[in-house]
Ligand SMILES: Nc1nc2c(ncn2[C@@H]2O[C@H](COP(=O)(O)OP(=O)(O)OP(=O)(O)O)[C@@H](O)[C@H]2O)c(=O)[nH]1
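Have a look below at one chain only, the form predicted on its own, in structure tokens format.
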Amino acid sequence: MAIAGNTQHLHVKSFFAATVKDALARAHRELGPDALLLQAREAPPEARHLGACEVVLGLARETGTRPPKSVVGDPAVASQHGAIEDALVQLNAFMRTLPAPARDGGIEEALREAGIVPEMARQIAQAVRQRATRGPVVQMARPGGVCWAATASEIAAEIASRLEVRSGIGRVTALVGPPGAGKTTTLVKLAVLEGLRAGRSTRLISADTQRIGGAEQLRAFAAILGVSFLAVESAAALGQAIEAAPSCDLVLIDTPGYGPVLQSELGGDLADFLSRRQDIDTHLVLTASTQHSVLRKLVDLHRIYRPSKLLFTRLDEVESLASVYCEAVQQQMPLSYFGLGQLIPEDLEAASKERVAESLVRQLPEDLQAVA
């Protein structure tokens, strides 16, 4: 259709094809590179036979032709035409001020710079593009390239969709992980949140007796909380302690942290015990400030314990949770809890997809968030 004005009119036309790309190619062949992409969406049912995708483009043309007689002298129609032309002028002016558009590689590159591994960044960017071109969202184009519109919330939604969270703990729960990850402090936080505040009788067990003073910190916490405490010397003793606990008691097990060498020398019996006990909910505790390459090695080192969940501490020390996200998605392991500091129990919260996704979106350039 054509909308008349004093000096120019906007020629608007729909093009159909199997893909948005093919439809755009047809449109630009007919209308030229100056055509403005107004909309891209699935073709409506009545036009599906023309192609699965519909794109609507507009082209402003200078003309001396007078408006059709049917609209001449109609103030309402003239006002509407004037408003459309004003909007078109403003839109074109706005387009000239935009930064480089978020083309196919824009979001992918930004995600990689935010710390997402390349293959995952590529997959997310492709999925976001499909989200953006699937719905009836306004699209914008410049000569020489198409900018597919996506909002920051759509990027966050795609990031979150790949992540699994599963908070809560089993009646018998063990924390494993490298030294210094915060296992003991986290265990005490869980004792308060999932035990005392829930009115459950709670028992703390330390299997960290080979390290000098390894069990003393947990013993002191148990005394402060007024809960039962037991230190065990072996995996067999740990099994006996679990069986001796009343069936209604919450049993939380602290374990020693070993490096690669000591893990093979000292951690074998405990790892074998935990890996065979399907009734024990084992969480692998790691720090969010650890680089992704190191996280991968730590996960591989502790795989012999057969942990079912990842629990990350020290989120207060990082701005981006890219390493946390990549490791959880690549390992296909759910996140259980996040440690945010040293306060007990305030600085422990159930893991959430929203926190992870928002931390990653915040790393995107401001101009990309504006366009994307």
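Residue indices: 1-based, along the sequence shown. Values in this document were obtained by computation on a predicted structure and should not be read as measured data.
Although not depicted, the form predicted in complex with the named molecule is the subject of the following passage.
In the predicted complex, no heavy atom of Arg171 sits within 4.5 Å of the named molecule. By the criterion of a heavy atom within 4.5 Å, Val56 is excluded from the residues contacting the named molecule in the predicted complex. The closest heavy atom approach of Gln217 to the named molecule in the predicted complex falls within 4.5 Å.
The closest heavy atom approach of Pro345 to the named molecule in the predicted complex falls outside 4.5 Å. Annotated contact segment (heavy atom within 4.5 Å of the named molecule in the predicted complex): 314-322, selected among 29-37, 314-322, 300-308, 329-337. For the residues Gly106, Gly115, Gly257, Gly195, the 4.5 Å heavy atom test against the named molecule in the predicted complex is passed only by Gly257. This chain is displayed alone, yet in the predicted complex one of Gln263, Thr184, Ser206, Thr202 has a heavy atom within 4.5 Å of the named molecule; that residue is Thr184.
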